[in-house]
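Below sits a lone chain in structure tokens, taken as the form predicted alone.
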């Protein structure tokens, strides 16, 4: 008879995978992840059928964590600029507070292990944000540019901002405000 799965062990494996992937990339062996989680390699595969399954589940967990932080207390009735500023500020705060999660997520976002179904789940969880950005983009100077390209520019600007914020924490908030102003001018 199989032992019941422990949510604590599953969480420990996902936390360890975050740390190990952030440090070693997607080539990190599952044995290293299991060791960091304090479980056997066999136990890891009790919770995740394959390494790809582990990566896919971690991607979902990290994206949902990031989205919940960014969307928390979103001032939905506020003007679009205030809403986007809120999202931007919360997103940067999450990434600054969780640099390992940010690094692991950067690796996972380009991984072939992430299923189309998982990418669709995340897109659906960000539908409110995508609708907001699409409405602003459609009326601004980027109206002739596809939204995915605008999102790529936004991600690149956020990554550059975060790199500077982590290197210069005393001016992190100023870097975030300046980057937002640049993004807003581009978008609206």
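Computed from a predicted model, the values in this text were never measured in an experiment. Positions refer to the first chain, counted from 1. For the two forms, the rigid core is made up of the largest set of C-alpha atoms that agree within 1.5 Å on superposition.
From this point on, the text means the form predicted in complex with another copy of the chain, which you will not see here.
Enquirer: Looking at heavy atoms inside 4.5 Å, which stretch does another copy of the chain contact in the predicted bound form, given the options 41-49, 59-67, 128-136, 141-149?
Expert: Correct option: 141-149.
Enquirer: With another copy of the chain left out of view, choose which of 54, 28, 34, 157 has a non-hydrogen atom within 4.5 angstroms of it in the predicted bound form.
Expert: Contact residue from the list: 157.
Enquirer: With a cut-off of 4.5 Å between heavy atoms, is residue 179 one of the residues that contacts another copy of the chain in the predicted bound form?
Expert: Yes, contact at 4.5 Å.
Enquirer: Using a 4.5 Å heavy atom cut-off, state whether residue 153 contacts another copy of the chain in the predicted bound form.
Expert: Although another copy of the chain is absent here, residue 153 would touch it in the predicted bound form, with heavy atoms inside 4.5 Å.
Enquirer: Should residue 185 be counted as a contact of another copy of the chain in the predicted bound form, where contact means heavy atoms within 4.5 Å?
Expert: Yes, residue 185 sits close enough to another copy of the chain in the predicted bound form that at least one of its heavy atoms falls within 4.5 Å.
Enquirer: Does any heavy atom of residue 9 come within 4.5 Å of a heavy atom of another copy of the chain in the predicted bound form?
Expert: Answer no; every heavy atom of residue 9 is more than 4.5 Å from another copy of the chain in the predicted bound form.
Enquirer: Need the contact residues for 158-172: heavy atom within 4.5 Å of another copy of the chain in the predicted bound form, sequence order, or none if there are none.
Expert: Counting only heavy atoms within 4.5 Å of another copy of the chain in the predicted bound form, the contacting residues of 158-172 are 160, 161, 164.
Enquirer: Does residue 45 show a Cα shift reaching 2 Å between this form and the one not shown after rigid-core superposition?
Expert: It does not, since the residue 45 C-alpha is displaced less than 2 Å between this form and the one not shown after the core fit.
Enquirer: Taking the rigid core as reference, does residue 54 move its C-alpha 2 Å or further between this form and the one not shown?
Expert: Not so; residue 54 is displaced by less than 2 Å.
Enquirer: Rigid core superposed, CA of residue 150 - does it shift 2 Å or more between this form and the one not shown?
Expert: Yes, residue 150 moves 2 Å or more.
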